[in-house]
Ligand code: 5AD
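Presented as structure tokens, the chain that follows is alone, the form predicted on its own.
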């Protein structure tokens, strides 16, 4: 199916790296179907809001955003507004009821059929009255896995594409990536874990892995286009296996692709951090000295009730194993506070874990109830008072920032390789990241974006370094 070349589309993405990758995927699918991708919703005929469902706040933000977009639609009734991604999958037709100006809701497994869905909607809108019976249109839509809602609306029908497909791993589909030195490469969709707080398995389905050959072909193609940094993406990326090829071997092969200087991966599950993975991280020079290790909590009872499949003790063993093999490793984590039933003492255990491990960075959250997840069925009395939950989060953030600041201050004086990603906030300033994923700003020419430099870390603001470019590639460690 080929769409009119004049049609213009805009994709606006919220959420995690996987959502960013999905946004690029939708843009690629639409562009190859004849759409012109634009950078502003005001210029688009089709506006897609690509969403996250991890926390309630994210969903409220999206509902507010589509309400704003409806202002554009009032002036241009022919505009199509679609909500895609995890929130669309979770809310389904309910979202269409809450936001009747939305024309399409589509879950993550529907993207391959996005052009056909848009074509169905546009054809029905343009059809003269009586040219096609509602029954025929409904039958045709169902054949393509589309649920039709509100067929009798003055504006036309609303369409919902929400079927989960265990065979859909986006094989053969290419993303539309912006020019730059870095690229996300999804290798896995969905998740087989059933952490009791998490909505992901219910909106993305079970784990689906891409062919290793296809992943490597994509990475080689990116390298030929000038990409030098690759991030492998998956919900539990290190559980990946294709036929008899496990994740550590895929990581090794990606790291050895000509032209690739840096390889990262996210988000791994602690249970699958093993000796084979650590050996690849220690021996392959392209694999960055960085590991995201989502602990979620620092108390065994809480971890068991979260169904995380490891204990605090085994998590600490993983940390020791990684640091023994890669002494310069930078560790980051995810932490949830105020999980239902978490006592103050158990929360204190989490703070103790933070102080013991000393993560370089932490993404911190208070528990957000997600309908459909097992945690919602816990006894009502287990749920933490919102004020107490907020107080715990504030204390966790304070501890995390203190540790991060201490670590970064100890690194002032180091000379680090920096991949220049874009201009800094101030004129004449560049911003980039080290191999250990530390942000550095320093003076330089914007024409050098995408290239590498070496910078001496002169001072830190806590999370960011201010540096000075140096000629030498020598790397030094500051005395603490």
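On a predicted model such as this, the values are computed, not experimentally measured, just so you know. Positions refer to the first chain, counted from 1.
FYI, the form predicted together with this ligand isn't displayed, but the following is about it.
Novice: So which of 170, 367, 184, 242 gets a non-hydrogen atom within 4.5 Å of this ligand in the predicted complex?
Specialist: Partner contact (heavy atom, 4.5 Å) among the options: 367.
Novice: By the heavy atom within 4.5 Å rule, which residue out of 120, 296, 302, 175 makes contact with this ligand in the predicted complex?
Specialist: Filtering the options by heavy-atom distance leaves 296.
Novice: Contact with this ligand in the predicted complex for residue 334, defined as at least one heavy atom pair within 4.5 Å: yes or no?
Specialist: Yes - in the predicted complex, heavy atoms of residue 334 and this ligand come within 4.5 Å of each other.
Novice: Is residue 359 close enough to this ligand in the predicted complex to count, meaning some heavy atom within 4.5 Å?
Specialist: Judged by the heavy-atom cut-off of 4.5 Å, residue 359 is well away from this ligand in the predicted complex.
Novice: With the cut-off set at 4.5 Å between non-hydrogen atoms, does residue 55 touch this ligand in the predicted complex?
Specialist: Although this ligand is absent here, residue 55 would touch it in the predicted complex, with heavy atoms inside 4.5 Å.
Novice: Quick one: does residue 111 come within 4.5 Å of this ligand in the predicted complex, counting heavy atoms only?
Specialist: Output for residue 111 is no: heavy atoms all beyond 4.5 Å of this ligand.
Novice: Picking from 248-256, 221-229, 277-285, 192-200, which part of the chain touches this ligand in the predicted complex when contact means heavy atoms within 4.5 Å?
Specialist: Contact criterion met by 192-200 only.
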